[in-house]
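Only one chain is shown below, in structure tokens, and it's the form predicted on its own.
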Amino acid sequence: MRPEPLIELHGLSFTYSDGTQALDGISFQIRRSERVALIGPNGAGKSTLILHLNGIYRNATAVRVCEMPVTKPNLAEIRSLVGMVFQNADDQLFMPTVFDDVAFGPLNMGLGADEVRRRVTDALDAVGMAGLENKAPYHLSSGQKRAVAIATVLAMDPQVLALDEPVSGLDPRGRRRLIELLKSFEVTLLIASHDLELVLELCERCILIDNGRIIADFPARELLSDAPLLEAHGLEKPWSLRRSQE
């Protein structure tokens, strides 16, 4: 039996207030334990799509998370189920200390002090940031900020981890550390990224979108091997695949 879908999109469309249509009839499912990449050129709709998954943008008739429509009464539960990591970690870290940032979500879930402390400790351990609890987030490196941002959502014990351009702005060492960290997680992953080498390494399924529409939805290696398809949508075949097929 196939695992049940955690995320369901049925004909999701979205138009910004200036009339720009960002999404046009997007439909797919993501099942438990899947690792799925969203790829496409700038302006394809990747970030807009991800922001629908925990209700930052809402279309209750088109998006369901764990069988719940993304509506106001369900938002608190949905946001504990879908951990969102933004492209800019500074958008996610706003408290005086790392501890306060990681504790923010569990406290808003109404958890007791002992459980909050346990979750903070476990989340920081999971991302290799133990010992930084009392440090101000603005004193952290870019890689440390990204790891702490992930810890803030891990502390909510999510079933889905959604990341928007997770390695953007990281140096090669920070990029490698983050990839290895993401490999270690057992949660369902949805990653929007231009880094197709990262996609190839982390994801078994790849959804290509452009102009707000799904162009292809295939196993990652199959889709990322199709150079003409990628080039038609502003992307390049990963170097590791080009090299292996020479």
Partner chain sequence: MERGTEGDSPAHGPAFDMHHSYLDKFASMDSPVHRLDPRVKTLAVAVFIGFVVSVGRREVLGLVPFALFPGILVAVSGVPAGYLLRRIAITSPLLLSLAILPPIFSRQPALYFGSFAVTVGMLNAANLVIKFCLCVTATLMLTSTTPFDRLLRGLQWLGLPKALLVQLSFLYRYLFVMADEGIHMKVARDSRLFARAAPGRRLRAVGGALGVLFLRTLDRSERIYAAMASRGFDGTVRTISELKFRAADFVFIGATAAYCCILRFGLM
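Owing to the predicted nature of the structure, the values given are computational and were not obtained by experimental measurement. Numbering follows the first chain given and starts at 1.
The same protein also has a form predicted in complex with its partner chain, omitted here; what follows describes it.
- The candidate site formed by V187, S193 and N211 is entirely out of contact with its partner chain in the predicted complex, as no residue has a non-hydrogen atom within 4.5 angstroms of it.
- Here is the short version: of T121, N74, N88, Q159, the single residue with a heavy atom within 4.5 Å of its partner chain in the predicted complex is N88.
- For N54, a non-hydrogen atom is located within 4.5 Å of its partner chain in the predicted complex, even though that partner is not displayed.
- Interface membership of S168, defined by any non-hydrogen atom within 4.5 Å of its partner chain in the predicted complex, is ruled out.
- Proximity of K135 to its partner chain in the predicted complex falls within the 4.5 Å heavy atom cutoff.
- Shown alone here, R117 lies within 4.5 Å of its partner chain in the predicted complex, counting heavy atoms only.
- For the partner-free chain shown, R79, M84, F86, N88, D90, D91, Q92, L93, F94, M95 of 79 to 95 come within 4.5 angstroms of its partner chain in the predicted complex, judged by any non-hydrogen atom.
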